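Only one chain is shown below, in C-alpha cells, and it's the form predicted on its own.
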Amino acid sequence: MPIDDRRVGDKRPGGRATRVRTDVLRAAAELLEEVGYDQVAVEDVATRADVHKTTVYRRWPTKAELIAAAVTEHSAEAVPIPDTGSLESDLQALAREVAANIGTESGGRRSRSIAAASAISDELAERMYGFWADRLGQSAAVVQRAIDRGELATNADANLIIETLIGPLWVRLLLTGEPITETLADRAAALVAAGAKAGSV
C-alpha cells in the first residue's frame, strides 16, 4: 500500500523522509523522460514512487515545483561540475556531460518538453530560470579555477563562457535537430577555451 508521510523531505538525512524524497524525484524524472512534461500526472508519480499522492502534494504543491525539483536532482547527478586541472579539459568534460544528458531520445524528450511548457507556464518558466541561474553559478567554478591558475584574466565572464559552450548543443536540440555528439562537444570546448584565453590577453 502507498505510504503517507506528512513530513516528507523535512527530516534527518538518510531517514525515511529522505528516501521518499529520492523515490518521488526519481519517479518524476523517469516519467518526464518517458512521456514529456504535459503528460506527467502527479498521481502517476506517486504511484511509481509507491507513496500516497498527498505525500507528493505536501512537499511539492504544484507539478511545476515537482518537475523543477526533479530536474535539479537529475542534473546534479548527470552533469556534475568537473575539476580536471585545466580550462579546456574542464569545458570538454562539461560539454560531454551535457551532450550525454540531452542527446538521447529520452533526454531530448525531457528537455524539449520542459522548454515548450515553460513558454506557456509562467510558474514553470520562473522555476527553470532559477534552475539555470543555479547551474550557471555552479559551473562558474570552472572559470574561477582557470582564473586562479592564470589561464584566464580576472575579468573573464563565467556565464558567457558557459553559455557559449552549451549553446551549440541546445541549438541542435531545439532548432536544427542535428545529432548532439561527443565530437560536437569536444569541438565546442576547444573553440570556447581558445576564445576565452584569447580574450584574456
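Each residue number is its position in the shown sequence, starting from 1. Rigid core here is just the name for the largest C-alpha set that superposes within 1.5 Å across the two forms. This is a predicted model, so every value here is computed, not measured.
Same protein, other form: the form predicted in complex with a further copy of the same chain, not shown, and the subject of what follows.
In the predicted complex, no residue of the candidate spot (K53, Y57 and A70) has a heavy atom lying within 4.5 Å of a further copy of the same chain.
Heavy atoms within 4.5 Å of a further copy of the same chain in the predicted complex map, among the stretches 142 to 150, 22 to 30, 45 to 53, 161 to 169, onto 161 to 169 alone. Using a 4.5 angstroms threshold between heavy atoms, L184 counts as touching a further copy of the same chain in the predicted complex. Interface membership of S113, defined by any non-hydrogen atom within 4.5 Å of a further copy of the same chain in the predicted complex, is confirmed. At the 4.5 Å threshold, heavy atoms of M128 reach a further copy of the same chain in the predicted complex. Using a 4.5 angstroms threshold between heavy atoms, L66 stays clear of a further copy of the same chain in the predicted complex. Contacts of stretch 171 to 198 with a further copy of the same chain in the predicted complex, defined by any heavy atom lying within 4.5 Å, are made by V171, R172, L173, L174, L175, T176, G177, E178, L184, R187, A188, L191, V192, A194, G195, A196, A198, listed in sequence order. For L173, a C-alpha deviation below 2 angstroms is recorded between this form and the one not shown after rigid-core alignment.
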